[in-house]
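Next comes just one chain, in structure tokens: the form predicted on its own.
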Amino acid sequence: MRAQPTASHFVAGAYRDDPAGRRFESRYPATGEVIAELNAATEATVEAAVAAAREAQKAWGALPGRERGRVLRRAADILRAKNREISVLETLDTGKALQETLVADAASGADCLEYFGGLAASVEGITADVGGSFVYTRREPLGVVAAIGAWNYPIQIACWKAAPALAAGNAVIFKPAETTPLSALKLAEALKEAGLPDGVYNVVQGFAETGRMLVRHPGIAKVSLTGETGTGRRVMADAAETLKQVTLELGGKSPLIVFEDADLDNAVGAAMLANFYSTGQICSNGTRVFVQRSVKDAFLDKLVARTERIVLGDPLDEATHLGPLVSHEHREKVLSYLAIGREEGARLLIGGGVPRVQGFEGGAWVEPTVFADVTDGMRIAREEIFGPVMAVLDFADEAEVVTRANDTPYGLAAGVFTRDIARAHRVIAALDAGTTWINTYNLTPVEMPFGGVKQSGLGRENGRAALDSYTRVKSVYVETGDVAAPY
């Protein structure tokens, strides 16, 4: 089983390798099999990418927005036409079930390209009358954007970052996570096929040092990162050396609150999606599930019954619900938290170990796991696990649960389940979170700005807010009369 790309990097419209770069492998998490061998970008490749992007951006940024939009919309059509091919590649690279990648990865990336392609012609400034003279503003592209992706949604994140940046007239250099390096190259192929000029979208592979070269490079105007909070701090510090703009989409330990009047079947379904989808490897997951005490037992009974029916198996079989974690290294981290949960006194309801999946014994598997009777001070309730591990806490009333839900350094997401619509809006308004849901969870249409507060990040992906963040405002004062001077 191989998914070897033509070469490791995509610079100035062509594949290239960097033999001097550190070699690394991409492995299929379900078996541990090597599917591709690549090399990391050295300084020479990074410099070539920056030079190509800076040169190509001049003409791209000067095009009318409607012409840029056409390219993005054509790329969206290409991704949709190749959805199955790219979805299989994404499953091989990440281990996520094909049932998921067919609908949540390249398909959502295509939606993003289409949406920002439609917005590209709407980048505009304002005018203001100032007593006979007037002021107007121009929204101009920033220049070259360095985008650094995460391994959980590789092509989706590549599109979330590239589409608004390209629509606004910037060039992009994308660095995928070294764990999942392959699908960003497929996006590069689709954009080139759609007519994107060479050099406007580039891919460089590598590790933290490659990302640091991009972040520190004086020829790059902005950095957009999806990653862990610790990585975000380091990127922000490095970007400060040249006062780059940053968008940081970081970690979370988000609350999902279930009141006693909620539809419990819907709430259980949402809690499962908020903890088990993508094998729990989603930054916005509602991993602290607060359930009002009067319905806790009923909620847990339904939850365990439905969790028992989750199908683990061949990720390429569309009947499989849950694939392995992205790597054995990451599995060790998740397993350590399962041990911590037991040691801290949480009640294990289901899961908590390594399943034996016939034919895939070498995979990075973890059972979908539910802990009940979790308290706020437990590490499984405070630290991001990034695996299929749900912590269920109980609460007495609204005031209590809002206070406890906000007692975290994170603020990425939150959800509320209740039939009382006034309470729903009241609680959502009181929660310290950037992305929230009422009576659902983890739906992220491209029209909806996505991002967090506190240590969950800065700025927003998607929506009009993302497009604006890839532009700078130039103010122009136009004098229509004489210049009054005291000299």
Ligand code: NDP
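Note that the coordinates shown come from a computational prediction; the quantities given were computed from them, not determined experimentally. Residue numbers run from 1 along the displayed sequence.
FYI, the form predicted in complex with the named molecule isn't displayed, but the following is about it.
Given that the named molecule is left out here, which of 211, 109, 169, 315 has a heavy atom within 4.5 Å of it in the model of the complex?
Comparing distances to the named molecule in the model of the complex, the residue within 4.5 Å is 211.
Considering 277, 395, 386, 360, which brings a non-hydrogen atom within 4.5 Å of the named molecule in the model of the complex?
Residue within 4.5 Å of the partner: 386.
At the 4.5 Å heavy atom threshold, is residue 105 in contact with the named molecule in the model of the complex?
No, residue 105 sits far enough from the named molecule in the model of the complex that none of its heavy atoms falls within 4.5 Å.
Residue-level question: is residue 90 within 4.5 Å of the named molecule in the model of the complex, judged on heavy atoms?
Contact with the named molecule, no.
Looking in the model of the complex, any heavy atom of residue 101 within 4.5 Å of the named molecule?
Flag for residue 101 set to no.
Is it the case that residue 175, even though its partner is missing from this view, gets within 4.5 Å of the named molecule in the model of the complex, heavy atoms only?
Although the named molecule is absent here, residue 175 would touch it in the model of the complex, with heavy atoms inside 4.5 Å.
Heavy atoms within 4.5 Å of the named molecule in the model of the complex: which stretch in 303-311, 232-240, 266-274, 79-87 meets that?
Looking at the other structure, the answer is 232-240.
Where, within 205-228, is there a heavy atom within 4.5 Å of the named molecule in the model of the complex? Residue list please.
Contacting residues: 206, 207, 208, 211, 212, 215, 225, 226, 227, 228.
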